[in-house]
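Form predicted on its own, single chain, as structure tokens, below.
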Amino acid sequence: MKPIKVLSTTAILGYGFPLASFEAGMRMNPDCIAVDAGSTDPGPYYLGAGVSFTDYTAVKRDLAIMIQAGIKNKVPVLVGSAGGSGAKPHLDWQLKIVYEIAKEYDLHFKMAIIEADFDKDFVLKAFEEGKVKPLHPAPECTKEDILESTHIVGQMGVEPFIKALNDGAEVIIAGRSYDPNMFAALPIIRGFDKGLALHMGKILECAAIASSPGSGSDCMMGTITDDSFILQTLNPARKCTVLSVSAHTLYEKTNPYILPGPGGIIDLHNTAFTQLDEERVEVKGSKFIPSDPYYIKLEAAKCVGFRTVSIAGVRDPIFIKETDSILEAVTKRVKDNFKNLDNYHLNFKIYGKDGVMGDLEPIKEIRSHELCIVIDAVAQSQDVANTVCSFARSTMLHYGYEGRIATAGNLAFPYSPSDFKVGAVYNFSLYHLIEVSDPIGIFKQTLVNV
């Protein structure tokens, strides 16, 4: 079979890419242009609140370049996890950008819109039938988790993308998707090995991160053949190496040999990496093993309160030495002052001590000459969060610790006002697998002429 070339533009739509890299990729005559637009990495807020974590103007810039090139060269453009989290509000946000691009550049094309939202009643019924199970380390699902979720999405497999391409879509904008889908769909249609296609997609979804030096804001080309796929960067400043590509194969995985996804796993036990030349790496041996039944990952978030934070700097070596006891005393003072408030959480993140790793930090002795303390209050209302944060901040500012010399204030505030009302706080409420019988029909798909 004739090899298929897939151009990956950037790690996440809106992260940008050098135009020179993209143009180098287009000169290689790719068979499709694809990008992953989302992730759960930024946390549950964006899914729960229905907003994008990427910038409108930045996404529009990237997508305008891609769609114009796709239409001009008659190759499909595929976008997955639209708007970052892939729920209906994110999909609509992404579609608004697409329609603006079409109008501004006078483009005409057939577009497939694939929704990833799951109805709560459908999920509840599956839950009651025992078809919803936790994805480690998530806890068991409850009825309340489902009902309290603001948006529930399913991470669709490659099948809806294959249907859209077979229906003649020139542009595909899909909700929450398995990361490799956009890159694997066309090769699978053309008869290439599914395991190789999905493994190639898993690497291409992060674009040039799998190169050396890696970058999420640069392009990558994948070429699939009968028994392998080949990766190469499109920027002379970067190279694909066996180390960079194999390392990225281990990226975001709990098992080095198994990559689970919708409807099965990619088995990497016999995968081999070969350096073809200075810039290209060939990958062989990856296999897809289907599962029975077919599982899709559910993602959802629910509002758990409201947050206020205050950021302060500390420079006094005596305060730094006594940090743990001071924070303990401040916490106790807040609790004593507001005995009637029991439904709040007060946390301190201390950068320069253990702000990144918390209790897992192996270095216990503070070696910093200064600390950044983030006072973090979460409560059931914004007013209560404001109160707790404000009182903790003022108490720490004037707390009299043993050995203190200056009494004008213990903290330095880089901003005025010192307290920031963050607003609603979300937790993931669903990170579970759901058993489905139809991996295509479960996702609403619409074909429109733009």
Partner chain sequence: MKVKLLDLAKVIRSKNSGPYEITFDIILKDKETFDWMVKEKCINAELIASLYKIKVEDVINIIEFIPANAIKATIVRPMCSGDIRETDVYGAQQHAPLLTLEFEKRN
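Positions refer to the first chain, counted from 1. Here the structure is a predicted model, which means the values were calculated and not measured. Heads up, when I say rigid core I mean the largest set of C-alphas that superpose within 1.5 Å between the two forms.
Here the subject shifts to the form predicted together with its partner chain, a form of this protein not shown in this document.
Among residues of the shown chain, C372 is not one whose heavy atoms approach its partner chain to within 4.5 Å in the predicted complex. Although the partner is absent from this view, D383 stays clear of its partner chain in the predicted complex, with no non-hydrogen atom inside 4.5 angstroms.
Although the partner is absent here, H136 sits close enough that one of its heavy atoms falls within 4.5 Å of its partner chain in the predicted complex. Although the partner is absent here, K349 sits close enough that one of its heavy atoms falls within 4.5 Å of its partner chain in the predicted complex. Between 98-106, 373-381, 81-89, 284-292, the stretch whose residues reach within 4.5 angstroms of its partner chain in the predicted complex through a non-hydrogen atom is 373-381.
Site residues R307, G358 and Y431 are all in contact with its partner chain in the predicted complex, judged by any heavy atom within 4.5 Å. The single contact residue among K332, R190, K125, K253, judged by any heavy atom lying within 4.5 Å of its partner chain in the predicted complex, is K253.
For the options K72, R315, K143, H345, the residue carrying a heavy atom within 4.5 angstroms of its partner chain in the predicted complex is H345. Residues of 106-129 that come within 4.5 Å of its partner chain in the predicted complex, judged by any heavy atom, do not exist; none qualify.
Remark: with the core as the superposition reference, the CA shift of K74 between this form and the one not shown stays below 2 Å.
Once the rigid core is used as the reference frame, the Cα position of L124 differs between this form and the one not shown by less than 2 Å.
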